[in-house]
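Have a look below at one chain only, the form predicted on its own, in structure tokens format.
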Amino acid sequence: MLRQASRLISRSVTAASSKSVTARAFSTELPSTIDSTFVESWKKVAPNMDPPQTPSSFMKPRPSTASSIPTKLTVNFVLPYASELSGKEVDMVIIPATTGQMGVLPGHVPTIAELKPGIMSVHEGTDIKKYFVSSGFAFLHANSVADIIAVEAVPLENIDASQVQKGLAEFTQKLASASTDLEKAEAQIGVEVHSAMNAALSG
């Protein structure tokens, strides 16, 4: 029965493909409709079973893109244990992406960026709030909303410079004396994070 269904479905898909030569729209831009040809073919071979739902059945439409660029960027900054910023409207955010420092303004092109240890600064008029983030991701949407998720973050003014220097020295020593790949990896992460914090404080 399943083989027969596969043949019927493949024929209907091939026929539909041959009739259309225009470029397909994005799946999230298509109306939420059911393929009647597919449903009819399914019912012929499996009348007692509901047709399966495809991934597009569960996809939400893309957020509408404003006709003009907004004057503010809406920022959501979330940690595993807290929400630092929720729906905050700012002028600009600078994030430490793995590809380099990335300035995000209202109307920024939709992007997903991986974060590396470094400073994230939130600009609101003349007020600038700086955070040190360890890692994470930034999701920049077409509607000028930025969702920033960090594994760990702390306001820059809360970092103790002496503790950073002490930690950097300890991890540098551990890296030099590491005997296994795991010990080397853990020490290398510690060195990179503390080096980034030290650069942030000295800069």
Partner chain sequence: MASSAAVPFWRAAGMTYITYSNICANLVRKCLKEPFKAESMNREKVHFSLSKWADGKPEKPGFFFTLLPV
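Residue numbers count along the first chain shown, from 1. Since this is a predicted model, take the numbers as computed values, not measurements.
The protein also exists as the form predicted together with the partner chain; that form is not presented, and the subsequent description refers to it.
- Among 128-136, 99-107, 86-94, 69-77, mark the stretch whose residues have heavy atoms within 4.5 Å of the partner chain in the model of the complex. Only one stretch passes the 4.5 Å heavy-atom test: 128-136.
Practice prompt. May I ask you to state whether residue 188 is within 4.5 Å of the partner chain in the model of the complex, using heavy atom distances?
Written response: It does: once the partner chain is placed as it appears in the model of the complex, residue 188 has a heavy atom within 4.5 Å of it.
Open item on the list: I'd like to check something about residue 169: if you look in the model of the complex, is any of its heavy atoms closer than or equal to 4.5 Å to a heavy atom of the partner chain?
Closed with: Heavy-atom contact with the partner chain at 4.5 Å: absent for residue 169.
Can you work out whether residue 35 and the partner chain are in contact in the model of the complex, taking contact to mean some heavy atom pair no more than 4.5 Å apart? Output for residue 35 is no: heavy atoms all beyond 4.5 Å of the partner chain.
*Should residue 151 be classed as touching the partner chain in the model of the complex when contacts are defined as heavy atoms within 4.5 Å?*
Yes, residue 151 is a contact residue.
Heavy atom within 4.5 Å of the partner chain in the model of the complex - qualifying residues of 139-168: Result: 151, 152, 154, 157, 158, 159, 160, 163, 164.
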